[in-house]
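The chain below stands alone and is given as structure tokens, in the form predicted on its own.
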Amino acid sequence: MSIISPSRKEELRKLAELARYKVATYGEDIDISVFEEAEEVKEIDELSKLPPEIQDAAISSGIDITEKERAGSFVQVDHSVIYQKIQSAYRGQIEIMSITDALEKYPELEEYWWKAVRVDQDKYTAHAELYPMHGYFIRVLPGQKVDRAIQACLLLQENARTQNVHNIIMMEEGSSAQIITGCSIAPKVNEGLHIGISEFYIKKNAKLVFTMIHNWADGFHVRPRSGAIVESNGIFINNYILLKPVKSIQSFPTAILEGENSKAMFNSLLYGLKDSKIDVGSRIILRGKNSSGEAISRAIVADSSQIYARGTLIAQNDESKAHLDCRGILFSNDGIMYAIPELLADRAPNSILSHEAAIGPIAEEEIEYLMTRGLSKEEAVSLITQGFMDVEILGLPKHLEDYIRRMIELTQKESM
């Protein structure tokens, strides 16, 4: 059992109970009670021992089953942690374990539990506290520069189930790493609910590139709740990629730039398909001197999907600056896209906040130009789309960039 002091546990329980029916500020409201808990799943000692359909789902979310390009791995299926491994070359550099084990091993983690995300934010955070189902703890030790990505995979293999996870990512002083989280489902799963709480702590002079790839289904609901606290000279880069249909997703992570020269970047690549309802954004709060932020969103709306692309910049220090860049393409007469930028200078009259937002079709002259170069109309549209979904903004190693480009190309072909 986790080691949370009785007084703190009772405090959190009371706050969660008060928020049990609190509707989220944004997104479609979900009746959590219609989803059931899943059964236990046995542990494995190699990722290759995952059932083939689960392997395919993991691979489609950026997970390397061979682990050749990974420093370590964590896999949770439904609410069972089934795999944890650190490659031998990286032992002593990183820690990977279930959050349940981490709270028992490190009682001091209580200080960080629900610090970057409020337990009473809404009914989904409350549910995650009242009905915990593990999650992961990833820690990069002080001064360690991890040169291969760490991967975490959160999967559901049973239909109409709920998965609650609570993750803590700790980047100690002077450390750096890339983390890839793949969230997906087995082929037989069409509906369910995933609630993912993620708290990031970026200490002084540390850097984290965190990439989340979601691969859901037509009837699936997703409610991530994330927060990051960044100290002096810390860098937090958060990438979010959604290229498959989903019933609904609502996510609005916040980065608080507490330290001097701290920096946060949020990058989103969104492809709305079928009747997906996608409400994704980010909030950057600039408190530290010379803190800076950037949020870039690229969204394509196809079929009858709806995309809300939100972005909020809040400057609370005169010597801070941040920029929002939101662009969307509509491929369908039945699709809807909202670009919602919000800038707030909070007693910081000398801060610099800016935004750009644009929604429109692909320019016919661009298509015609490429067709004069020998491409078919379909090939021209595909090429322009891939250029619009600029993978280079994610700051990933080349092999991961190439993988995501292939995903975009496949999605484009399937949607045409």
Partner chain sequence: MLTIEDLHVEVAGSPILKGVNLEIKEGETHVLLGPNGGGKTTLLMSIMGLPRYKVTRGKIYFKGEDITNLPPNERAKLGIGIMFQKPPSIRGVKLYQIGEVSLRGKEDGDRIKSYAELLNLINHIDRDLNYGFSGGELKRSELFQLLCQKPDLVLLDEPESGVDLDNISLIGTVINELLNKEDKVKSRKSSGIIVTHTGYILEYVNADKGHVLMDGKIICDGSPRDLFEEVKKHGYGRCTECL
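Residue numbers count along the first chain shown, from 1. Since we're looking at a predicted model, the values are computed, not measured.
Same protein, other form: the form predicted in complex with the partner chain, not shown, and the subject of what follows.
Taking the partner from the other structure, the partner chain in the predicted bound form has a heavy atom within 4.5 Å of a heavy atom of Y369. None of the heavy atoms of R347 is located within 4.5 Å of the partner chain in the predicted bound form. Taking the partner from elsewhere, R373 is found to have a heavy atom lying within 4.5 Å of the partner chain in the predicted bound form.
The shortest heavy atom separation between L383 and the partner chain in the predicted bound form is within 4.5 Å.
Heavy atoms within 4.5 Å of the partner chain in the predicted bound form are found in one stretch of 358-366, 65-73, 47-55, 32-40, which is 358-366. Though the partner chain is absent from this view, in the predicted bound form it lies within 4.5 Å of a heavy atom of just one residue from R287, R327, H134, K247, which is R327.
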